[in-house]
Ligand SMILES: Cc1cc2nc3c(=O)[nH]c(=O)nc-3n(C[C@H](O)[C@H](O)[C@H](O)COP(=O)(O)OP(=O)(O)OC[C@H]3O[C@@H](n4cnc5c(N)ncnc54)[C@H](O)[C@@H]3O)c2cc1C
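First, one chain by itself: the form predicted on its own, in structure tokens.
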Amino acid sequence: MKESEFAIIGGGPGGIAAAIVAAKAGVKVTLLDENERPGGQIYRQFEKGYKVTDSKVLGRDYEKGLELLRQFSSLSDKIRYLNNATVWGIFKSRTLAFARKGTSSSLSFKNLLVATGAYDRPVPLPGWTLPGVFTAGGAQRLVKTERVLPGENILLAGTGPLQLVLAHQILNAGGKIEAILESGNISKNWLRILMGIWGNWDYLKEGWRYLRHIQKAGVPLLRNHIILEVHGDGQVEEAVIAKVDKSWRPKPDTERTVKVDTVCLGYGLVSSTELALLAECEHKYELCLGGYIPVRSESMETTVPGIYAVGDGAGVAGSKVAIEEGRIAGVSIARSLGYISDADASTRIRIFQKHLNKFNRLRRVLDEMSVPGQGLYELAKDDTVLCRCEEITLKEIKKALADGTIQAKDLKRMTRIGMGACEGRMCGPALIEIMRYQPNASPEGPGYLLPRPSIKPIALGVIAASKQEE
């Protein structure tokens, strides 16, 4: 089997930036992307057949991504790009397995970069499985790349900047928004907010533009509010909302019901770490950064030599941070392979690190404002389904916890939670938070639901038709 000098999993901003820097230095790069075209979620490109006549309608993120994608495209002779490639396993022999075009292939690597991104934080609450309940990211993809509105009368509930971005895009597409519920507290420390914004004027300008658009459209922005439950007969028909305290618990006598047909939940993101866990990289818990994330050095290398991690899959921080981390990883790998000198690498990394520090300063402030409160994980009732795949309710989880189970992996064995097709993506993040707040919680934390190959559903026929990459 031929060994790849540098394999990258993920075609988002971090993976693309690393590929560009490394390829320019002379490194032979192979990038495996689950999507049809590079860009990831934030710089997602349209499918063939669509034509963009006014890129401004799609937002500045789309326009900013075009230059990065142009650089990537210009290096097509130096970067082997495998699209529609779903990586489903990493093994101790420094080999990864991926499904593509109806077959499963294996690829040996010398260095590996995991840039798998993040996904919307699942929040179990009564009615969250009803048709018409979307995650913010899912709704954004519909509006942004499919030009389809998720509904006619929409309620946005959650926290963080993505709420404003999604609202702006829905309004641009002609949609109607009943209200935006913001659970976080943005007014508790204006001095820290100012320090975080200082030097990040693009963020401020962009946020203000979204906010003005929302205000002009007459959309109510209800601060310190949360959605308690969703009602409907086979479809969303109404939602119950309320004011919350600093722990995100509903305040008495503030509940009211609003008539909507669509609910978009956007309570931040959680890192997609399944492949890093399979590679046996050490992880640590950071709630603000998306839960359990890989432990990394300043060069973005994990605790497993030769395996690196960048972007939201290594700690949710946004596209600008992902790009700078990708560049640092790309330079570090080029140096380790002897393509650039230590002095040259150090000079470049200092520049990238300076940019990274600036973006991280703002990110930390936003994290403090939007970190989920304990009340968010008290919304589910006994009959609320936590694990959709195995149809396991909160009541079943409570029973196992009452029996003394304090580790997520043990709870998985006892109840089958996380054993379905999603491998715990939908239930795992909420389960960990629920376990953390239990009276008998382990001081070291509940750990995580250990993934197993294949981490995504792969047909047996595809695996049977496996071949080695040459």
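Since we're looking at a predicted model, the values are computed, not measured. Numbers follow the displayed sequence, beginning with 1.
Heads up, the form predicted in complex with the ligand isn't pictured, but that's what we're talking about next.
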Practice task
Just one of 218 to 226, 151 to 159, 86 to 94, 392 to 400 has residues with a heavy atom within 4.5 Å of the ligand in the model of the complex, so point it out.
Solution key: 86 to 94
Handout entry: Interface residue in the model of the complex among Gly318, Pro294, Gly184, Pro124, criterion: non-hydrogen atom within 4.5 angstroms of the ligand
Key = Gly318
Fill in the blank from the handout: Among Ile241, Val236, Leu269, Cys281, just one has a heavy atom within 4.5 Å of the ligand in the model of the complex, namely Leu269
Problem - the ligand contact at Gly424 in the model of the complex, heavy atom, 4.5 Å - result: no
Handout entry: Ala115, heavy atom within 4.5 angstroms of the ligand in the model of the complex
Key = yes
Handout entry: 4.5 Å heavy atom contact, Ile333 to the ligand in the model of the complex
Key = no
Exercise for the section: May I ask you to state whether Asn35 is within 4.5 Å of the ligand in the model of the complex, using heavy atom distances? Expected result: yes
Problem - Residues within 4.5 Å of the ligand in the model of the complex, restricted to 163 to 184 and counted by heavy atom - result: Val165
